[in-house]
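This document opens with one chain alone, in structure tokens, the form predicted on its own.
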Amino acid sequence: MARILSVDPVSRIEGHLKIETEIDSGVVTRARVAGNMYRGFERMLLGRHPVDSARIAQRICGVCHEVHGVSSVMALEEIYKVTPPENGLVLRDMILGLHIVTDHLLHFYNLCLPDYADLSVAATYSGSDTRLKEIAGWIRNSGTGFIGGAAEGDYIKDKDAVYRLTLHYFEALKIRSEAASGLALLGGKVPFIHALLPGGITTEITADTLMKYYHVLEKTADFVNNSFLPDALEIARRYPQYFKIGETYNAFYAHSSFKNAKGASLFNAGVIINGERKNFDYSKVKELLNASFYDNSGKPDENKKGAYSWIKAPRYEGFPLEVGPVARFAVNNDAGFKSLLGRFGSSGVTSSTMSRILARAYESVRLCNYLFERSEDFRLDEPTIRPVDLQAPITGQGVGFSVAARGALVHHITADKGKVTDYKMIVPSTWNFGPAADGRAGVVEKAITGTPVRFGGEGGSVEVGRVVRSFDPCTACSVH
């Protein structure tokens, strides 16, 4: 007989997400994913000067703030008909790239790793490493279980592995903090950078600024290469079954991003549906509202019959598409990532719980390498911005096709005489966590269905949690 297992809210994510699963004979047979709050950022921007969006849109999220600022500014630049000088584009890449790497670190160590390793075992440490002794003492004296035991499961418990992973858990926090100082050097402050404006970056950049950023990047890259990627590979070796769990429709979508001075992009744009690669066409994107708490005009309707989520359901030619690092590598047919997956028996870039985890680690390596090269394009004696009249009563439409850690990001601004008349955001977690529509389950709903469940109780199912958190859910963004 089928049983219902609900987790509300799902822990260790940004925002309030509810997962409801129907389990029969130890397998998830049906899943519903719901965003459980409404925020209204698109509506609160109406009537404001369009340039305000470069500041306000960053407040959509407490984790991925800069990415919204970049996408919003790209849309504004279309309306102003201005292109930043090369220095402005270099700095934008240096901010966006380093931010995405730190986002991936947060996802793996602080949000995802506790699903695989019982970090509370670190309390047993009695060796001579002063860092681990301090952590062990804190766990013992604080009375907290330190994440372990949240749900019954098959966690890593061998001490050497847990000690190493726990140490990296805390080192990742330190690296993120130091990287944030590097981002603040370029953006004026973090979070919610101030220097980002249509036309470029306003920060005065000196040789000392660049050296400090480079030093932060070196430390971040060292951690990514020597801890993050090896740790992700170890999790993959210990849990190979998750290459067969968490598969979506294997339909993907990605934007072009990180274009260097020679015009070459680190990631190219594209769509893959039914194995066919297509050029991306924005006019084919529709947000469906069948199961979302909005009326046909897009206004909130909390009493809508049949609705179960505040997240809309984006579709491309009617298809639900997965976005994120795996999508970027699938669209680009990335040889390096294919080779990495090949170590585990995969013949191509396919969707799975573990491929999403490995993709973030691999992408962090790629981004750090790109940022080292990109920073050399900066010219100290050249401008970083082409200023525009920030109070001009501008009219027009602009679309910012950008990128976030979780996938392709769109900000679409319509302005009339200096006032925003329509503001639309289509964010990565909307694509991944949107509900069912027109007979097709949402991307994560599809990924959860078929998951074998051995452990499940009041704390939730660790197996379902692993699938859900592999997408790095950001519900605050998706219910913008």
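Residues carry their position along the shown sequence, with the first being 1. What you see is a predicted model; the values in this text were computed from it and never measured.
Omitted here: the form predicted in complex with NI-FE active center. The next part is about that form.
Exercise. Of 404-412, 82-90, 178-186, 300-308, which is the one stretch near NI-FE active center in the predicted bound form, taking non-hydrogen atoms within 4.5 angstroms as near?
Worked result: Heavy atoms within 4.5 Å of NI-FE active center in the predicted bound form occur in 404-412.
Exercise. Closest heavy atom of Val444 to NI-FE active center in the predicted bound form, within 4.5 Å or not?
Worked result: Residue-level check for Val444: no, no contact with NI-FE active center.
Problem set entry | Touches NI-FE active center in the predicted bound form: Val427 (any heavy atom, 4.5 Å) | Within the cut-off, so yes.
Exercise. Do Ala437 and NI-FE active center share at least one heavy atom pair within 4.5 Å in the predicted bound form?
Worked result: Flag for Ala437 set to no.
Problem set entry | Distance check, Val67 to NI-FE active center in the predicted bound form, heavy atom within 4.5 Å | It does: once NI-FE active center is placed as it appears in the predicted bound form, Val67 has a heavy atom within 4.5 Å of it.
Problem set entry | Selected contact from Ala31, Ala54, Cys61, Val420, since only one has a non-hydrogen atom within 4.5 angstroms of NI-FE active center in the predicted bound form | Only one option qualifies, and that one is Cys61.
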